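Below you'll find only one chain, the form predicted alone, shown as structure tokens.
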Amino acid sequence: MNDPNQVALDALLQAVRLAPENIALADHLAKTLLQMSRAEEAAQVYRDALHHHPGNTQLQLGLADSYRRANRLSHALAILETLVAEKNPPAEALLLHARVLHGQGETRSAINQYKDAIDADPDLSDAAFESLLGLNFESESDESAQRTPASWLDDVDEAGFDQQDIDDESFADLETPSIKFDDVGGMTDVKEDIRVKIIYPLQHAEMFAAYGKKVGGGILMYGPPGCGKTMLARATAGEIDAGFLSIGISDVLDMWVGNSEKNLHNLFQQARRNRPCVVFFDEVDALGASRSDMRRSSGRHLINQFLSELDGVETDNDGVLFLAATNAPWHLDSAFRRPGRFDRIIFVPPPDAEARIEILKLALAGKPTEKINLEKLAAKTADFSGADLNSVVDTAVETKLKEAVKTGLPKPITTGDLMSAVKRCRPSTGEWFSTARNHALYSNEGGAYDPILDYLKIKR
């Protein structure tokens, strides 16, 4: 006898096939699949429906919930971060975001999102989830007792914290890179974008000045980690014999209120005193996260300071060139992308075949080798980042060392050794592209992430 549940499901499937644009039907089918613990199938139903209704909030929430239940939290997060960034985010999105954050171990952020959710819609309160979060709304003093000094400082920030000014200025190490674009294999299109935006204006400053164009500006590079964004930044400085300042979050952030802004100002001043100078902000999203996601004022103050420095409100930035790198451009405050700031956005993909050959050459330099077929290796390492390729070489070296220790006879590395290492290593870019794909498909305003879809060969 046929299973009545399966009969009902088959009827729903047939109905959705006949009316693929019916949102209510698709949602009902997906929720039925979720009740049957078939989250991956539910996700596919939502994806199909979104092709007919791109940007539909109800379908995006359903897809995010399906991903959460399938334990694909990074996929769920990619969708939810876009929804909660809206001016008046749906309470359901806030609650689901809280559940995903809790699943990733970010309890404090989950608590904040949960409170926002039930503030927006008290009917969404969930006693079981509150227990998981360790919440007890009847005793706010318990929460206060557990707050860290940093969060306490955030609370008193707007009232004005009377702290001792620190006279020592913050400086980063000023480098003079010797590497140039020729030392960075492949990535021809990316190099040309940097030349047009940054290098040509400096090399032909008089011509640009005749048209009233200042020398300066910024480029934001994004893409999977380990693909050479930092090396490109150094090579840019080397191309124009400019100073190079690499700035990370540790150079800026300070626990005392106001000191982070002061540190940032001092670093910009250092660049202005050493122009021409290339200033590189690594993981810029950590310094310039979207202000709409921030509950505390101190983070917003730092971003405002950052934007003011980029604009050269009080001091001219002529001759100061800004490069920034991020693995998550969707977290960056949109104000950073306005003209005069990081207005040129460049996708830095995994190295192409030519670049992979150059990276492997460098990684194998100085090591005993025998008849290495680099072209064959490059063909088998598509989607490998530069860091992944170095890992392949390290794996092959470790295997040869083990053999040498046992036999007492060191032997050179061969193509076969490296091909074996390739089979044991996997490209680390896959997870990044899984997350980026969702942003490119469902939150791609203005086509900013079209290069991701082009790389993945996904039709728009």
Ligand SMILES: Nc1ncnc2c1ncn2[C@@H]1O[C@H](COP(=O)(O)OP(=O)(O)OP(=O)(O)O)[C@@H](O)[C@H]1O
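Quick caveat: nothing in here was measured; it's all calculated off a predicted structure. Between two forms, the rigid core is the largest collection of C-alphas that superpose within 1.5 Å. Sequential numbering from 1, following the sequence displayed.
One more form of this protein should be noted, the form predicted in complex with the named molecule, which is absent from this view; the next part is about it.
S.K.: With the named molecule left out of view, which of Cys227, Ala324, Leu310, Leu80 would have a heavy atom within 4.5 Å of it in the predicted complex?
M.R.: After the contact test, the surviving option is Cys227.
S.K.: Could you check which residue among Asp241, Asp183, Asp116, Glu130 gets a heavy atom within 4.5 Å of the named molecule in the predicted complex?
M.R.: For this set of options, the contacting one is Asp183.
S.K.: Spell it out for me: taking the named molecule in the predicted complex, does every residue among Arg72, His75 and Met231 have a heavy atom no farther than 4.5 Å from it?
M.R.: Yes, the whole trio is in contact, each within 4.5 Å by some heavy atom.
S.K.: Please identify, from 269 to 277, 119 to 127, 383 to 391, 302 to 310, the stretch that has a heavy atom within 4.5 Å of the named molecule in the predicted complex.
M.R.: Contact criterion met by 383 to 391 only.
S.K.: With heavy atoms only and a cut-off of 4.5 Å, decide whether Val284 touches the named molecule in the predicted complex.
M.R.: No, Val284 sits far enough from the named molecule in the predicted complex that none of its heavy atoms falls within 4.5 Å.
S.K.: Using heavy atoms and a 4.5 Å limit, would one call Val100 a contact residue for the named molecule in the predicted complex?
M.R.: Because no heavy atom of Val100 falls inside 4.5 Å of the named molecule in the predicted complex, the answer is no.
S.K.: Please run the contact check for Met187 against the named molecule in the predicted complex: heavy atoms, 4.5 angstroms, yes or no?
M.R.: The answer is yes: Met187 has a heavy atom within 4.5 Å of the named molecule.
S.K.: Report yes if any heavy atom of Val320 sits within 4.5 Å of a heavy atom of the named molecule in the predicted complex; otherwise report no.
M.R.: Judged by the heavy-atom cut-off of 4.5 Å, Val320 is well away from the named molecule in the predicted complex.
S.K.: Can you name the residues of 340 to 372 that have a heavy atom within 4.5 Å of the named molecule in the predicted complex?
M.R.: Stretch hits, in order: Ile359, Leu362.
S.K.: Return yes or no for Ala76: a CA shift of at least 2 Å between this form and the one not shown, with the rigid core superposed?
M.R.: Yes.
S.K.: Once both forms sit on the same rigid core, is the C-alpha displacement of Ser434 at or above 2 Å between this form and the one not shown?
M.R.: Superposed on the core, Ser434 moves its C-alpha less than 2 Å between this form and the one not shown.
S.K.: Do the C-alpha atoms of Thr435 and Tyr67 sit closer or farther apart in the predicted complex than they do here, given a shift of 3 Å or more?
M.R.: Their C-alpha distance grows by at least 3 Å in the predicted complex.
S.K.: Quick one: with a 3 Å or larger change, is the Asn327 to Ser74 CA distance smaller or larger in the predicted complex? Answer closer or farther.
M.R.: Note: Cα gap between Asn327 and Ser74 shrinks in the predicted complex.
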